[in-house]
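What follows is a single chain, given as structure tokens, in the form predicted on its own.
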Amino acid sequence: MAATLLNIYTEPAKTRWPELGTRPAFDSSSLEVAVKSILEEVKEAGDAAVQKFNAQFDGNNAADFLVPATKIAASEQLIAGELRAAILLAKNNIERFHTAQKEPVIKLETAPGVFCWRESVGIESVGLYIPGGTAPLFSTLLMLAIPALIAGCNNIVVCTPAQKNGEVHPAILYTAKVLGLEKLYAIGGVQAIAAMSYGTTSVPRVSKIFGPGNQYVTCAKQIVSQQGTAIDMPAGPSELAVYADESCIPAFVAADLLSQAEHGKDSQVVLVASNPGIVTDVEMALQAQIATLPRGDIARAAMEYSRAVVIADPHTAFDFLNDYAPEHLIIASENAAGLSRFVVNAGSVFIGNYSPESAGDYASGTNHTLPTNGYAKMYSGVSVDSFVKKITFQELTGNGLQTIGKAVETMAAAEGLEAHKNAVTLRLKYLDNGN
């Protein structure tokens, strides 16, 4: 057998859990310098800088970044019918799941004559970044644009890099077509984040930017988030944890680990197994499967950051997994539904032996834009909520103001805010005079 792919740890002490949960790291200091330089140049020079960096990084020297409507319309003829059908199936499922997230407006009478409610209002202008390098992620366009459309965002700007032939991948174009998106720009990398954040003559400025990307894109998003442009969440390389007990199917577990590892060399996969034999069986399946993968070299590099942790007690195992807080968590067990009740921190959970993470990536209906790097402890994945602002409203009748007015006056006076008190006092006197 070739060198083992899994790095194995047996019943590690809790003091070691933070170490085992460490994600692949890189030196960001030099990265930030390069990213800030690109951001500043686009901010100052606009479209000219975008064109310069498009040519430098993607080999695309076109001066017009907006993809013509004719090319979007013609994309249907450039991809196979089977792929078109798959995209439409995924679109339908994602729409159904996300439409159900819309909240009804509930108008509550908190006191007699005092009415309060909250309404969700779509963010007017949002930017979607869709990677198109080693893997053109048309699925991400579905995952981001569908909730944005459901939320009622009026201005949806999409940026994605052109391929080496200067054209945007036809599957991304077709996805834009079926979603009715028109503002699709062939711009990639940091220059795309800059164009959407600052605005250029060609690209409208947006209020919030969504979407994954490499470490340069991630760094750019974090920088512009400190300058007034909101972002979806802190993001890092993809990651997957699998809990597997005696009822798992090792070949399935191996396939799931490799499906995440092939995303990139900095991806991380973690296997938590209830006994050492499971690790052995999964390792054998990994060796057999990785040899057949076109992106096997990428997956093998990612496996250097892998962990196989043997923890016999399921409660302890899920304590470890909650401490790790994975982006994706698969529970490979016939008792997966019961075990899922132990989950506190995870981006998205896949229950049972027939729920591969790939299903959530593409077509089950849930969103695949999820918190990484332990941020699942405090962040949720992208949803319709990500694209709305929630505005509170209140309406008081005269009787309502009389109901709570004295309390407001008392509290305002206690804080020394006499103008606050007076705004109520004047109205109460007006009502007392028979108005």
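Fair warning: this is a prediction, and the values are worked out from it, not measured in the lab. Whichever C-alpha set is largest while still superposing within 1.5 Å between the two forms counts as the rigid core. Don't overthink the numbering: it's just position in the shown sequence, from 1.
Same protein, other form: the form predicted together with another copy of the chain, not shown, and the subject of what follows.
- Although the partner is absent from this view, Val67 stays clear of another copy of the chain in the model of the complex, with no non-hydrogen atom inside 4.5 angstroms.
- Although the partner is absent here, Ala312 sits far enough away that none of its heavy atoms falls within 4.5 Å of another copy of the chain in the model of the complex.
- In the model of the complex, another copy of the chain sits within 4.5 Å of a heavy atom belonging to Thr110.
- Residue contact check for Gly228: one or more of its heavy atoms lie within 4.5 Å of another copy of the chain in the model of the complex.
- The partner is not drawn, yet in the model of the complex one stretch among 188-196, 68-76, 156-164, 289-297 has residues with heavy atoms inside 4.5 Å of another copy of the chain: 289-297.
- Of the residues Asn214, Ser306, Ser274, Ser358, just one reaches another copy of the chain in the model of the complex with a heavy atom at 4.5 Å or closer; this is Ser358.
- None of Ala49, Leu396, Ala62, Leu31 but one reaches within 4.5 angstroms of another copy of the chain in the model of the complex through a heavy atom, and that residue is Leu396.
- For the partner-free chain shown, Arg96, Phe97, Ala100, Gln101, Glu103, Ile106, Leu108, Glu109, Thr110, Ala111, Val114 of 96-114 come within 4.5 angstroms of another copy of the chain in the model of the complex, judged by any non-hydrogen atom.
- Superposition on the rigid core between this form and the one not shown places the CA atom of Glu415 2 Å or more away from its counterpart.
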